[in-house]
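Taking the form predicted alone, here's one chain by itself in structure tokens.
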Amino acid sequence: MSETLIVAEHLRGAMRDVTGELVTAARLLGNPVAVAVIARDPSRLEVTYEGVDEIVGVPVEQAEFENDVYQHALEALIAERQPEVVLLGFTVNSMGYGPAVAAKLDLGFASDVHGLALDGEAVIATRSFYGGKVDAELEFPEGRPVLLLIRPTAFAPAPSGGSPSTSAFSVEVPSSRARHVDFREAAVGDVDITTADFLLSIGRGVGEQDAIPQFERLAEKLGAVLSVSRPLVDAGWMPNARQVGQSGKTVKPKVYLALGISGAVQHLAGMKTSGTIIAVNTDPEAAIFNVAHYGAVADLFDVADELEKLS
């Protein structure tokens, strides 16, 4: 079947954002899009995204994710439906079974994919190498199924809507070697920047550690959460919980105000899908301006002083 198959991710009865992002990625490939929902009761989970042609319910005994269950179910789905492309999120869950499925079934494979395109009938997947310093395009020729793990936030979530058909797929799953027992909240430090609607983010341009309290006060006045780029964490000035980027947190607030951040590839990867990006930097060639919706070539302290007067 000429289709793109997505495996939905859900947690505690709710779809995770990455599922909608996978739908957006899938539509770039031009094939019909089917979303497989592997769950105890698939019908209780909403898959209301524009661009989905079919929802495939896969009932299993397990209420939450177990890697052996998903691996067996996906292998059966691929054998039955013969999709051209399979898309999973590049997440802890999918890493637990996606690569194993690709290796076992001899599929084309790439992880941490943040760009998709077609070149004729070939699938072109873009991913980064050398710590994010180099992007490469991987070509997967027609005729061999491909399994790709898509980086979260690399694509905007598909909007709600659509009227997909529904079907059921029965699969007998052997006992899982790893079992879900309970949830425990992971420590996120003094704040969870991934949930903030407004981030005021500062970088190397602040110059010295003594300047940080000024921006902490400004963030509080503006109703924002303070975040930082990697150099401030490496210097020991701020905790890792505040870091935006590939080695920190991936964020997508409604507003991202970047002061004194040049825009290294690793940083951009962690925030470029934010709703509105406003950048302030004295360097007109700073890479941050390539993703910013609004930018000012100015001294960040002058801008901060003006914002203080307005707040």
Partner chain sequence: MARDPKYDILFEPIQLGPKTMKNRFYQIPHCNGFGSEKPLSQAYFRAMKAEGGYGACCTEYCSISPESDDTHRVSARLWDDEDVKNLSVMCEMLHEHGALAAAELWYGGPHAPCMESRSVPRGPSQIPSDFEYLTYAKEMDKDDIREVQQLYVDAAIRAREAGFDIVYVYGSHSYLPQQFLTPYYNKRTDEYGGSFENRARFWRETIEQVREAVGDDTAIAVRMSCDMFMGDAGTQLERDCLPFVELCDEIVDVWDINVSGISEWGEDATPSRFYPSGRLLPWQEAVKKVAKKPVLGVGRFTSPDLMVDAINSGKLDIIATCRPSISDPFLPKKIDEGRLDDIRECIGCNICISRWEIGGPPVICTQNATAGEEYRRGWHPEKFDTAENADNDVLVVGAGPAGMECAMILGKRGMRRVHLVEAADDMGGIMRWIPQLPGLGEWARVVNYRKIQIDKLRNVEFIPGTTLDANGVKEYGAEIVVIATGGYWVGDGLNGCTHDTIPGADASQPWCLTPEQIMRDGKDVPGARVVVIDNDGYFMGVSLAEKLASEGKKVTLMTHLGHIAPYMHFTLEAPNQHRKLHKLGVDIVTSHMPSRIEQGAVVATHVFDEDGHEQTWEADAVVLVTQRRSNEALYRELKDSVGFDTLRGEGITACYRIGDCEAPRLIADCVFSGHRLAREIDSENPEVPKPFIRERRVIERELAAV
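Positions refer to the first chain, counted from 1. Computed from a prediction, not measured in an experiment: that's the story for all the values here. Think of the rigid core as the biggest set of C-alphas that the two forms share within 1.5 Å after superposition.
What follows is about the form predicted together with the partner chain, which we do not show.
Q.
the partner chain is absent from this chain, but in the predicted complex, do 59, 169 and 172 each have a non-hydrogen atom within 4.5 Å of it?
A. Spot residues vs the partner chain: no contact at all.
Q: Answer with yes or no whether residue 82 is in contact with the partner chain in the predicted complex, where contact means some heavy atom within 4.5 Å.
A: Although the partner chain is absent here, residue 82 would stay clear of it in the predicted complex, with no heavy atoms inside 4.5 Å.
Q. Wondering, does residue 161 line up within 4.5 Å of the partner chain in the predicted complex on heavy atoms?
A. So residue 161 does not count as contacting the partner chain.
Q.
Taking the partner chain as it sits in the predicted complex, is residue 299 in contact with it (heavy atom to heavy atom, 4.5 Å or less)?
A. Flag for residue 299 set to yes.
Q | Contact label in the predicted complex: residue 121 to the partner chain, heavy atom within 4.5 Å | A | Heavy-atom contact with the partner chain at 4.5 Å: absent for residue 121.
Q) Which of the residues spanning 61-97 lie within 4.5 Å of the partner chain in the predicted complex, based on heavy atoms? A) The stretch 61-97, when checked against the partner chain in the predicted complex, contributes no residue at the 4.5 Å heavy-atom cut-off.
Q. Would you say residue 282 moves between this form and the one not shown, meaning its CA shifts by 2 Å or more once the core is fitted?
A. It does shift by 2 Å or more.
Q | Threshold 2 Å Cα movement between this form and the one not shown at residue 215, rigid core reference | A | Yes, residue 215 moves 2 Å or more.
Q | Post core alignment: residue 152 C-alpha displaced by 2 Å or more between this form and the one not shown | A | The answer is no; the displacement is under 2 Å.
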